[in-house]
Each structure stands twice: as structure tokens, then as C-alpha cells.
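Take a look at this single chain, the form predicted alone, given in C-alpha cells.
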């Protein structure tokens, strides 16, 4: 019987040559040597070793223990490297070279795939914003007056972006319920998740020069799953008038994999209909390709699925977020990360955070391990996702996982 080759994937494998997400890995025999790899089935391909063996002109940008040199190289190089990888993984004549460079996923440790420069979090889901507005302003307008005129966002902490699997320590801070006379200090009692997508910037921009909508693909390398953990009680007391701070800055988890935009070409979709006219720099009505992405997320707590948020329902696109983020002249740096904000759909089972799923604790979520309003110590949250690919195959986006530990 012929020996199975790691290059022979099962039909429809979501991590085939149509995908090839990038990550950074180490092996037990060389734990200090971080290498750039791409996921192929249940394996990781050492892309620098492959580039060296093939005499690739792009070996240098793949030689570091981070994706940043590749990110900085620009779209022409991204496309060229991707084409070389697809050729190597699909050409039968190259199997003898490629097979030894594939390492089982079970035998590697995965690391933060890129050095994060700046981090910005947006608030781009109308369904999420409307639900939150109804929760906190039951007798007022669900959306603030500016919401449909610009993508609302805030600057986060790049230094607390962590890779999937990193434990999340329950944050402490000031808390004050409406009926309390004064704030108290202690661990958050309303610790929440936020199911999001992160967009990874590759090519930088010049200070003072905005990035227009049609330059999105020139600057953004790819996407990663993201969980922007949120301490709702700390945030509620601190956020007026300047917005989120300690309630958000303690941890943001990202997947170990960055899926290149090229892998999502078949997932492009039109955003929801806009019912308020947009200023010219945000008006994408004449865009060459639709700005939305049909990406289906799944949120599980302790292995039990609690939500399936659809990214296609997001009101503001990533290109609009990038355009707004730079319209004042702010520059981009290689490794900048900007996140979509909580992804929620129109149905209750599509809400992307516990604040919405439980309606601020009124309606607990039923789990096999017991009811939850917000996260308890020991809870593990896993977000997975996929997008449509060519010929009906799925594009897997991996997962982002975090387990809550007490203080």
C-alpha cells in the first residue's frame, strides 16, 4: 500500500491551496527559532525553507520570525509569493522537495504572527449598535446621530494583543452600578466577548495623505479572527466622555493565522443597503468590487455553540473603516491592526457578544455547564469562521481561543 502523503488532502479541505493562511511557528527541537509558515491541511509548510530550496527571489522577506517583512513588501510581492506557494504545493514534480518541509500542526507551537504597530477597534455592525442602544437607552434613539455618517472607532492597546490560546486574566477596575452611591474596586463581574474580524495592514502610508477606498487592497494584507474581550462594568463607569479604556485594554486575542485577501476573492459581497447619503470619501456605490465579505463565524463557550454571527451583515466595510481612519492624514504602519467591532446579525442567535445574547444579563445563556450571563473563571471561548471559496470549497479562517483565569 502506498504511503499517504501530507500533500494529498481530503476533498473540500478548507486549508487547501486556495487558502494558505500565514502564521509563525516553532518546533520542539528548535523552540527559539521562529519561522514563517502557511497552513496546508493539518500541516504547516516552512515557507522560507521552501523559498531557499527553490532559489526564490523572495526568500529574504520570509526569513524573519515574524510576518512583518512580508507585510511591508507590498501587494506585488504578496501575489508573487502566493503564486510560488500554490505552484509548489500543486506540482507533482516538486513533491520530493516540498514533503520534507511540511510539519504536522500537532507538533508545532504557534505564535503571534506579526508585530502589532497600532490597534484600532470599530463599531461597524448596525445590528450590534442598535441592540446596545436599546439596552442602554431604552427610551431614546438606538443609534447615535453620527452612526450612519461615519465608522465609529477608538484606539486600543497594541501591546495587549495576544495570540490564540493565551490565557485571559480577569481584569480589575472601578465599577459603579446606577444605584450605587460611589464606585468600588475589584475584578470585573461582567466580563464579555466580542466576536470580530481583524484586518492586518502591510504597506504603510505617508503622514498627511489619506488612503482612499480604492487603495484598500494596496495596504491591507489579510484578515484574522479576533476577540476583543470587554469588561462591561468597568467600561460603563469609565467611558463617558472619552470612550473605552481599561474595560477594553487588558487583552485582545487574535488567531495564529492571517488569511490573505487573495484567498477571499470568492467571498466578496455587497454591504447592506445604505439609507443615509455618505460623504464622498466614504461613498462606495461606484466601487469596482463589493466591499463586504461573506464570512460566517461561530462562537462557542466551553465547546457549546452560542452564536453564529454573519460578517456579511456589517454596515460599514473594512475599506470604509480604513478610509475614515486615515482621512485626517493619520498614517499607516506595517503591522497596524484594525478590527470590525462586534459582528451581529439580525436574529437573536447571530449576536456576537454576551451583552446582546443575554440582553445585559436578563436572559441567561443555557450551557451544559450551567447558565451564563457573563463569563466565569475557567470558561473557554472559541471563535471559528469560514468563507466561500472557488468551486464550492470553503476557506477556513482557523480559530481564536481564550480561557478566563482568576486574579
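Here the structure is a predicted model, which means the values were calculated and not measured. Positions refer to the first chain, counted from 1.
As for the form predicted in complex with another copy of the chain, it is not shown, yet the points below apply to it.
- The stretch in contact with another copy of the chain in the predicted bound form, judged by heavy atoms within 4.5 Å, is 275 to 283, chosen from 303 to 311, 275 to 283, 77 to 85, 258 to 266.
- When contacts are defined as a non-hydrogen atom within 4.5 Å, none of 42, 48 and 96 contacts another copy of the chain in the predicted bound form.
- Within this chain, residue 244 lines the site of another copy of the chain in the predicted bound form, having a heavy atom no more than 4.5 Å away.
- Using a 4.5 angstroms threshold between heavy atoms, residue 156 counts as touching another copy of the chain in the predicted bound form.
- Not displayed here, another copy of the chain is kept clear of residue 271 by more than 4.5 Å at the level of heavy atoms in the predicted bound form.
- Although the partner is absent here, residue 126 lies well away from another copy of the chain in the predicted bound form, with no heavy atom inside 4.5 Å.
- Note on the partner interface in the predicted bound form: the residue among 103, 330, 213, 89 having a heavy atom within 4.5 angstroms of another copy of the chain is 330.
- Between the options 109, 177, 172, 287, the residue in contact with another copy of the chain in the predicted bound form by a heavy atom within 4.5 angstroms is 172.
- Residues from 114 to 153 that approach another copy of the chain in the predicted bound form with a non-hydrogen atom closer than or equal to 4.5 Å are 116, 118, 120, 122, 123, 137, 144, 145, 146, 149, 150, 152, 153, in the order they occur in the chain.
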